[in-house]
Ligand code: GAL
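Okay, here we've got a single chain as structure tokens, the form predicted on its own, with questions on binding and movement later.
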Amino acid sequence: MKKRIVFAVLAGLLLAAGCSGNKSAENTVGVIMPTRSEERWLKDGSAIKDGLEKLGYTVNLQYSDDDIPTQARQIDDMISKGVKCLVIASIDGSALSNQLANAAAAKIPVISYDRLLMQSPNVDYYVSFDNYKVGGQMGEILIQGLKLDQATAANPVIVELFAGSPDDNNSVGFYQGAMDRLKTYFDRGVLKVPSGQIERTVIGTLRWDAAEAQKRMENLLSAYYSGNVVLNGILSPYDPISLACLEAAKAVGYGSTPGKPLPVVGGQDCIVASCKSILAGEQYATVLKDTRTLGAATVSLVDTLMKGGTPTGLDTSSYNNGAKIVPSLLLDSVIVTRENLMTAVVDTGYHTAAALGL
């Protein structure tokens, strides 16, 4: 099993670094996030910007609104303006090779943030959660929620599978981690997929689009679920996809018809809407990837690079982007259910009680 790194940032160290930060234009950091339409990316961008500004750096934060040419132009513009470091959360991890080459020519270090930049040697570092482990947690949610250890091949549990965007390398880790965790149940005949749609290329959801996922779920329910065939669970890689699938299920009587309870659905990112759904007893669980921790790790890495230091404690074997092994900082994630939501989410301040309507 690959080495997992938890990158801790000491508040006192950050404060000390902040006292010596240079606020001149020479200390500008470019931060590019994929979209402002999703809650998590707003939190990520703000966490990095606030952390770097506390250290005295100037931050150029841009959102690309899920448009690849816009993201490419933003990076080109930042390079031309002389930023000293780039933090990039890509839309399509393979679409920025020219920009990365330009950054390398300008001696600007590039940090691939949460989504691995692919097919380029000009990626210096990767900061993310352990995507394979996150996928395993997605599988574990179904194991727990569907009580798969108690199930038998004589009465198999019925599920459908959804994966993330095919152009996002994170989807590979999520899918492989989940399928490896569920493999023994498929092998024993305990777990069945009536549609037969199992391969990642088939079940992927382009751009993580919830509307597309809902449409696919509606088609699956119409084509494969009639009579006594009842959907028991859904493997979901992302909270908006989870909520969309639940809406499709509710539209055909799940949760309101005897013998058709809502399917067990997991998710990822611990967004407010999913937390509310979990508390209401609808979405079963989600995977919390605390963006504050991810942001703090990124801020510390940028600070080290801007000061001419050499980062330590890197994973140098796990993430190959097709052109090189990218040195990585890999953080831990947490499964959140109704039972631990208050302690894991509210008590830690990730979401306030007021935001969850409590």
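Residue numbers run from 1 along the displayed sequence. What you see is a predicted model, and the numbers here were worked out from it, not measured in a lab.
The next section is about a form of this same protein that is not shown, the form predicted in complex with the named molecule.
The stretch among 242-250, 184-192, 167-175, 67-75 whose residues place heavy atoms within 4.5 Å of the named molecule in the predicted bound form is 167-175. Site residues 160, 254 and 282 are none of them in contact with the named molecule in the predicted bound form, judged by any heavy atom within 4.5 Å. Of the heavy atoms in residue 208, some are within 4.5 Å of the named molecule in the predicted bound form. Within 4.5 Å of some heavy atom of the named molecule in the predicted bound form lies at least one heavy atom of residue 269. Proximity of residue 289 to the named molecule in the predicted bound form: non-hydrogen atoms within 4.5 Å are present. Taking non-hydrogen atoms only, residue 43 never approaches the named molecule to within 4.5 angstroms in the predicted bound form. Residues 114, 115 are the ones in 78-116 with at least one heavy atom within 4.5 Å of the named molecule in the predicted bound form, listed in sequence order.
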